[in-house]
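Form predicted alone, single chain, as structure tokens, below.
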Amino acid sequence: MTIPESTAAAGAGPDVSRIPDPHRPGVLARLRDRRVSGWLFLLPLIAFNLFVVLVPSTFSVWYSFTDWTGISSKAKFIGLENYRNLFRDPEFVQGLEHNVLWTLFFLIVPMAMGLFGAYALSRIRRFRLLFRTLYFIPYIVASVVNASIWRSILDPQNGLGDLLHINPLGDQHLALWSVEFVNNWAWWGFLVVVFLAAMQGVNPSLYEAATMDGAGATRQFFAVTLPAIRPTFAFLGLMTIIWSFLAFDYVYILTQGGPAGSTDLLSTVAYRNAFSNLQGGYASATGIVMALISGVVVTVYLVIRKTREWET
């Protein structure tokens, strides 16, 4: 073989860095890698979420420190004034109290109904799909339709209100419970379906062992079923708390926060301040407080999940 004169003159061999490594995967091979291709498919979704979530969130944080009206392009920085006023505002405090009551109700009543309904369905073989479908239908119906139907049913002149001589949505002592009842009617079927799916994944040998030990249905539920579906139970509890602080549609459609603020939640207070009172900055501060509450709940859940090793 003849060595090029220039190379020979330099006293060196061919440039090794330009020789392709046969063991190094090419670009196409790296794109075919599942990890790389997975990230490539996720990139548009991540970019879209950053645009529709991060950008408005950043603006909300900024406006919460201003006197922005919600319609003007001008906003004056006022520091923590909105946050100081929040906890002196009786509407905000009342809305926060109602949100706590709302959360406790949905952590107890629908969760208990969902567990009982799912466990009852898991014990039968016939018509299970029929009952599961019937329970789930209210959840997939639009909230405005559900609320309108129940508004007619509870009507104090032509509905149950007339029959029972009460005004469920017009009485300050009954209104919040009535709205919770209607929302729960549409919600608990979803919990039944999720709990039932979790229960169907429980190892049948655990029930057989419990039966051999003489455990009845109730003891099997508390000793076998509940521990086995604990991660699902905790996750739904977490989401129930978060969704409870975001509740808006049923309250707004049925009562709009009335009568006399007896059904006001933080969301309806923020909506009224933003679009009726033209206090966009103040409403943004309310939204930030709601987000912080949800953040604290999620953090506590993640810590508990990690310490209890629920992943395994």
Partner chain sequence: MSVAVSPDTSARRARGGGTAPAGGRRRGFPIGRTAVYVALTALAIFSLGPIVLFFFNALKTNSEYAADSLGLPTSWTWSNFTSAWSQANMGAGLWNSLLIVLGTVAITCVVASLAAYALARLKVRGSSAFMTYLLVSSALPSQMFLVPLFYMWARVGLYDTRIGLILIYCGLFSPFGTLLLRSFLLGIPREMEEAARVDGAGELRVFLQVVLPNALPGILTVALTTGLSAYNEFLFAVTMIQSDSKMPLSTTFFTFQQGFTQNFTLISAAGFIMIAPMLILFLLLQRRFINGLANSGMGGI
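Just so you know, these numbers come straight off a predicted model, no measurement behind them. Positions refer to the first chain, counted from 1.
What comes next is about the form predicted in complex with the partner chain, which is not displayed.
Check: Which pick from L101, L160, L80, L107 sits with a heavy atom within 4.5 Å of the partner chain in the model of the complex?
Finding: Checking each option against the partner chain in the model of the complex, the one that comes within 4.5 Å is L160.
Item checked: Partner proximity in the model of the complex: A215 to the partner chain, non-hydrogen atom cutoff 4.5 Å -> Yes - in the model of the complex, heavy atoms of A215 and the partner chain come within 4.5 Å of each other.
Check: Can you check whether V298 is within 4.5 Å of the partner chain in the model of the complex, heavy atom basis?
Finding: Because a heavy atom of V298 falls inside 4.5 Å of the partner chain in the model of the complex, the answer is yes.
Checklist line | Contact of P259 with the partner chain in the model of the complex (heavy atom, 4.5 Å) | finding: The answer is no: P259 has no heavy atom within 4.5 Å of the partner chain.
Item checked: Exercise: F92 in contact with the partner chain in the model of the complex, heavy atom 4.5 Å -> F92: no, not in contact with the partner chain in the model of the complex.
Check: Any chance L86, L174 and W177 all have a heavy atom within 4.5 Å of the partner chain in the model of the complex?
Finding: No, the whole trio is out of contact, none within 4.5 Å by any heavy atom.
Notebook entry, point to check: For 224-243: residues with a non-hydrogen atom within 4.5 angstroms of the partner chain in the model of the complex?
Noted result: Stretch hits, in order: T232, F235, L236, I242.
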